[in-house]
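In structure tokens, the next block holds one chain alone, the form predicted on its own.
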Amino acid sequence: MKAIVVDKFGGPEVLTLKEVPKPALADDQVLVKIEFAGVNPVDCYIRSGTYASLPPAGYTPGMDGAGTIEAVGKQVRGYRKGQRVYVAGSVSGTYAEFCVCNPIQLHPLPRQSSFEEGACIGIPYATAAYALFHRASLRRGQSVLVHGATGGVGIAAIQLAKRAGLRVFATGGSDAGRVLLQSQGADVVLDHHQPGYEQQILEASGGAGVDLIVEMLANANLGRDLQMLSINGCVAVVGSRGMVQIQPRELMVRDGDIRGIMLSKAPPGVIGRIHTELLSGFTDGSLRPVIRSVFALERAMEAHHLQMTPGALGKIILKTS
């Protein structure tokens, strides 16, 4: 089968297309024929060698994907050959024509969703749901600012928040990005490059600030985020690419807090509940990924370049065959 293999950590150029054996299937695993694989920032961090936990060299990247079940291990129940699924986590990597998964990493793909859309679900929607409803416990009528909202997690957060009856503020750094955010139903859309946007958010919230900020680039924005929080407000840090200096007094006067978001650290059972909850949204159409670009598998290097370029406009995916 065709697969992307990383023999050494480094820039996108280390993503090499190879012909490799189809992964062996254990009795407690499932083999999936991948149609499309999702590209996520974490894939880029791992490939570069800068992530906290790294696989051994010679690995195939990718945690998200969608396709059909090719084979089911003898000990596995509840799955059948030919079943449409999306993959949220993988044993062998999704940048390949086939991948092996543990059953807990598989979820039914609603007939309303294409394979392309299914490849966008795993990390983006589960991360957004974890931040909004499990780490922050937001309730209908509260407010959220999705800061830098034009990527996969940001768009997922807007859709989930609107579905839950929240008031949504969102920022984007380009005209095209802000048009996209408006199309997703954000109530207030602002340019985070524009001086004074923080005051605009405070004014739009009646001076109260927002209950939660979902922060995609904490090293650039965290200090300003604290000024926009409501009393008892929270910043959920989804992404950061460096150090940042803050004024703790901004937290103190609001009795607020900062919470890190890492999906892999979610308590047992939470991930399963999140994907069960997501199913109804994809079934009724209130949740639908925005796809920016589709690359052939052999162009994974270009996909990684684009993934790390500022100015996201939705998800990037790979067509594996």
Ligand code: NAP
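The structure presented is a predicted model; accordingly, all values stated were derived computationally and were not measured. All residue numbers refer to positions in the sequence shown, first residue = 1.
Note that the form predicted in complex with the ligand isn't included here; everything after this is about it.
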Worksheet item: Judged by heavy atoms and a 4.5 Å cut-off, are Gly38, Gly65 and Ser114 together in contact with the ligand in the model of the complex?
Response: no
Response to the item:
As a check of understanding, the residue in Leu217, Val85, Val76, Ala164 with any heavy atom within 4.5 Å of the ligand in the model of the complex should be identified as Leu217
Worksheet, complete the sentence: Students should find that, of Ile291, Val270, Leu263, Leu31, the residue having a non-hydrogen atom no more than 4.5 angstroms from the ligand in the model of the complex is Leu263
Practice prompt. From the candidate stretches 254 to 262, 273 to 281, 52 to 60, 65 to 73, select the single one in contact with the ligand in the model of the complex, where contact means a heavy atom within 4.5 Å.
Written response: 254 to 262
Discussion item. Residue-level contact is defined here as any heavy atom of the residue lying within 4.5 Å of the ligand in the model of the complex; does Thr150 satisfy this criterion?
Written reply: yes
Discussion item. Residue-level question: is Gly10 within 4.5 Å of the ligand in the model of the complex, judged on heavy atoms?
Written reply: no
Worksheet item: Taking 4.5 angstroms as the cut-off for heavy atoms, does His193 touch the ligand in the model of the complex?
Response: yes
Discussion item. Test of understanding: in the model of the complex, would Gln200 fall inside 4.5 Å of the ligand by heavy atoms?
Written reply: no
Response to the item:
Of the residues spanning 110 to 143, the ones with some heavy atom within 4.5 Å of the ligand in the model of the complex are Ile123, Thr127
